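Quick setup: one chain, the form predicted on its own, written in structure tokens, and binding and motion questions come after.
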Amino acid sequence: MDLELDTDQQELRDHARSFLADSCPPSLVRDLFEGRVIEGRVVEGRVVEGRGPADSGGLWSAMVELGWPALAAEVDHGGLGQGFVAEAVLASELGRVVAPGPYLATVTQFAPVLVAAGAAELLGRVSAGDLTGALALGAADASARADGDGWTLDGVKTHVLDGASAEEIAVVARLVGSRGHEGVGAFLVPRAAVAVEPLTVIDPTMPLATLRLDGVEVDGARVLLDPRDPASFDALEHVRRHATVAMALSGVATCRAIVEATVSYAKQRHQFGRPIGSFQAIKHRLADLYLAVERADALAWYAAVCLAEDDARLPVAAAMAKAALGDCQRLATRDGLQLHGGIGFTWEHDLHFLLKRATTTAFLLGGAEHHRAELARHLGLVA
């Protein structure tokens, strides 16, 4: 297992970082936070027009032109076949700059369900940037009932990333009367077919929504994973871990950006004629921040390689990565805010964008406590 990026992956990281520095500056994020409509942006000397509210002023369109949605997908599905590590690099760089847009929801959550279902035509549309999607996880909050050649779905899905803007929703639901690992499936539902309630969130770059399924009818052709198939549960568990690892990578990158900003401020801010970073108490806190982010980063990339190589250790690695993100997020947001002093509390400073993104990613798809409990089950420490 090689945890180092190869030359091509390093070039992808460097190019993505350079592109996002120009195309996703803090001013774009601020416009989104302050509710300003972004019509378009100048990207590499030309204006890229937005394609709806999820496009964030042409940022997603520019990513599509660069082939980012296709990068990790298999060639048979219209992709470039670069594998999950390439997807992980992009998820990390997007987290580093608090980039808005449908990449996380569509590529790291929705597309893996399509892969599990073998939905080649839909995957081709995702790779081409012609289709955006979201994943409504959690089987216990939605039920599926066979109805002739189709299905009827009922229930409520909460905290669905991009649930109010994605064109299609992969809804996970449980067969009526089933329990445990049995009777869990996934259905492709147009967003227009469900009642959508956008949630008030601290981070508008990660928009969440509640979806209400009141007798939604699904044609048999739109069943992604049949709840009557025992293999569907394991397939969905793999999808969940895929999404969890990508979220961990993105969140850790945000925490690293907080640490870098805090170290930079500690070098610039003077008190008693010296940079505050020269005081021993501040050094200790910065050292703790560094160790926390390095630990979380190592675990997230270990999980990424487990996923890329289809390693049997993935369930444990994914739980460890997300739990470590939670620990890192708590320390980074607390100390990052405190060590910035008074300016850390102001709306005018860009730090709060990072703090809010880190907090959001730490709790989506389960917080540290949830994943520690899952880790204990995998290790046989609980019945």
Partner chain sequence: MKLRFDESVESFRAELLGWLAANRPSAEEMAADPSVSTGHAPAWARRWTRTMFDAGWLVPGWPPELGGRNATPTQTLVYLEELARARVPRTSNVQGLGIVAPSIIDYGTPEQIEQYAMAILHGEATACLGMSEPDAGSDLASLRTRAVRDGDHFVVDGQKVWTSGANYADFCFLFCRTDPDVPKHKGISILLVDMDTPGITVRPLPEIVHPDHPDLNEVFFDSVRVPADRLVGELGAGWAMANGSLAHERGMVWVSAVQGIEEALARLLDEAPATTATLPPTEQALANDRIVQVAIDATAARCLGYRAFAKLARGGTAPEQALMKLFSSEVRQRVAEVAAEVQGPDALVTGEVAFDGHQAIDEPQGTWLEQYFQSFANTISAGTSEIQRTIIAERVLGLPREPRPT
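Numbering follows the first chain given and starts at 1. On a predicted model such as this, the values are computed, not experimentally measured, just so you know.
There is another form of this protein, the form predicted together with its partner chain, and it is not shown here; the text below is about that form.
Judged against its partner chain in the model of the complex with a 4.5 angstroms heavy atom cut-off, the residues 202, 267 and 275 are in contact without exception. The partner is absent here, but in the model of the complex a heavy atom of 85, alone among 116, 261, 80, 85, sits within 4.5 Å of its partner chain. The partner is absent here, but in the model of the complex a heavy atom of 311, alone among 167, 237, 311, 74, sits within 4.5 Å of its partner chain.
Using a 4.5 Å cutoff between non-hydrogen atoms, residue 342 counts as a contact of its partner chain in the model of the complex. Contact check for residue 301: a non-hydrogen atom falls within 4.5 Å of its partner chain in the model of the complex. Using a 4.5 angstroms limit between non-hydrogen atoms, residue 21 is distant from its partner chain in the model of the complex. Of the heavy atoms in residue 27, none are within 4.5 Å of its partner chain in the model of the complex.
With the partner left out here, its partner chain still marks one of 275 to 283, 223 to 231, 182 to 190, 118 to 126 in the model of the complex; by a 4.5 Å heavy atom cut-off that stretch is 275 to 283.
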